[in-house]
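Okay, so here's just one chain, in structure tokens, the form predicted on its own.
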Amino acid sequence: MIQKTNMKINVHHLTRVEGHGNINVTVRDGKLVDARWEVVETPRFFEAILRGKPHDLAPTLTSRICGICSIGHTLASLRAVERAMDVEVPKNAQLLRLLAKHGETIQSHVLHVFFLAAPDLLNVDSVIPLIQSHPAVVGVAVRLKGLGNDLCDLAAGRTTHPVSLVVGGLSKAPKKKELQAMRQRLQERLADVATAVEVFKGLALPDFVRETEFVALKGESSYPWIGGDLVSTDGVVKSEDDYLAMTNEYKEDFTTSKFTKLSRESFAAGALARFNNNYEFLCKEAKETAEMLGLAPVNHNPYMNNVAQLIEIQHVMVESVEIIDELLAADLDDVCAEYEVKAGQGVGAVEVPRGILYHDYTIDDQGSITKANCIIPTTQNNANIHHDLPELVTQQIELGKSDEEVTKLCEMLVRAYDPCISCSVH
């Protein structure tokens, strides 16, 4: 017989995430009364800031939305502007932009997997104790984070808030000798990924499943990152321009972030969503790693998002080597297209570390933005987190878990989504 239990969990504010969010759970006599994920950040008004601004200033401004995904915001902003004005970006510029995107994916995923999520799995409060207890793990994290930062510097001109990504392409291409040096570093650092995989093989992730829908860009011939159709694991496929029908934002009175939904009450975006929708396009090394770590599509355990992030680190490092090989064989003088300013409306969808990011601009014939809309990945994940919590707590009550055990699992659940909370309040 299950013992009746009372439980009151109030986590204000959750640590080791970006921004401020609360977990509130109430259980009386063994029955769940309430379980909520509350975002309590003050709303930010970047869309209003963009109105009346020149189109070529938008990428610079929106890169300030997030210090982690600043390259992703820049790329989504550029894509929206370029699609609005029919700008054709040169092939080599597209490759360099993707290389910058991969640098951001590496640095962000490493930050989350090793510095924010791993302490929970290794039963410590932060990464600091791991310097003594798991120095090899911390060494891997530091080297891979540095690699991601340097790849962003090389391709985008700066680690955060890029300076060389401009409307039409890039203002400056890196030198080939710099690309060659980065290629060698990428290959050398793949050994660090192998070390991380061995560590994760020995860790036990929480066993929790709540079936949900996963939304991502739809790969056509490669694992998708910049632009294209949208797809869900429930079989929904829509064009990039039809993003509003894919997100369906709505408000709840207990949170300052909007929620989204599609075929169900909520959906998830991010590394696990990309993996579930586009597994076939992963490189063979990443597929082998997925098999070693017990991840196969479609997986509904949100904690496995951490594993999917590790797999994506490996994939983008392998693909970055291939991109650099293509760039080394090309003429890098032509990396920016001339264009004529004209009125139009354009949508840019980019897979940033936490999921699909959308920018939507309307531009007048003077090149000024008259209307803007941004939908952030964490906005899309917040409803799924909120609906995961009551299911998780209910399962743990039935297993007779203590308040402390349930609290830790709830905190780990939210962290597994790698939320960028401040970005989600628009």
Partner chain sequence: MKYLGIDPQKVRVGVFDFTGCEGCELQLANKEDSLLDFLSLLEVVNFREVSSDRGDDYDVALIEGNISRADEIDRLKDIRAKAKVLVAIGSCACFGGVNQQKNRFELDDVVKEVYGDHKVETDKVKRIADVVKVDLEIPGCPVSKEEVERIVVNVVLGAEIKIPKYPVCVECKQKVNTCVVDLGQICLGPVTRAGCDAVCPSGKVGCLGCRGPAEDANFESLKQILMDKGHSDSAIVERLRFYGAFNGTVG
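Positions refer to the first chain, counted from 1. The model shown is predicted, which means the values in this text are computed figures rather than measured ones.
Keep in mind that the form predicted together with its partner chain is not shown, yet the notes after this line are about it.
Of the listed positions (Glu220, Glu280, Asp125, Glu340), a single one reaches within 4.5 angstroms of its partner chain by any non-hydrogen atom in the model of the complex, namely Asp125. The single contact residue among Gly157, Gly346, Pro90, Pro206, judged by any heavy atom lying within 4.5 Å of its partner chain in the model of the complex, is Gly157. Picking from 380-388, 33-41, 393-401, 359-367 the stretch near its partner chain in the model of the complex, with a 4.5 Å limit on heavy atoms, gives 33-41. In the model of the complex, its partner chain stays beyond 4.5 Å of every heavy atom belonging to Val27.
Put simply, Lys284 is far from its partner chain in the model of the complex: not one heavy atom of it is within 4.5 Å. Contact annotation for Met7: none of its heavy atoms lies within 4.5 Å of its partner chain in the model of the complex. A residue is said to contact a partner when one of its heavy atoms sits within 4.5 Å of a partner heavy atom; Phe200 fails this definition for its partner chain in the model of the complex, lying far away. Although the partner is absent from the chain shown here, His13, Lys258 and Lys371 each have a heavy atom within 4.5 Å of its partner chain in the model of the complex.
Contacts between stretch 34-58 and its partner chain, counted in the model of the complex as any heavy atom lying within 4.5 Å, involve Val40, Glu41, Thr42, Pro43, Arg44, Phe45, Phe46, Glu47, Ala48, Ile49, Arg51, Lys53, Pro54, Asp56, Leu57, listed in sequence order.
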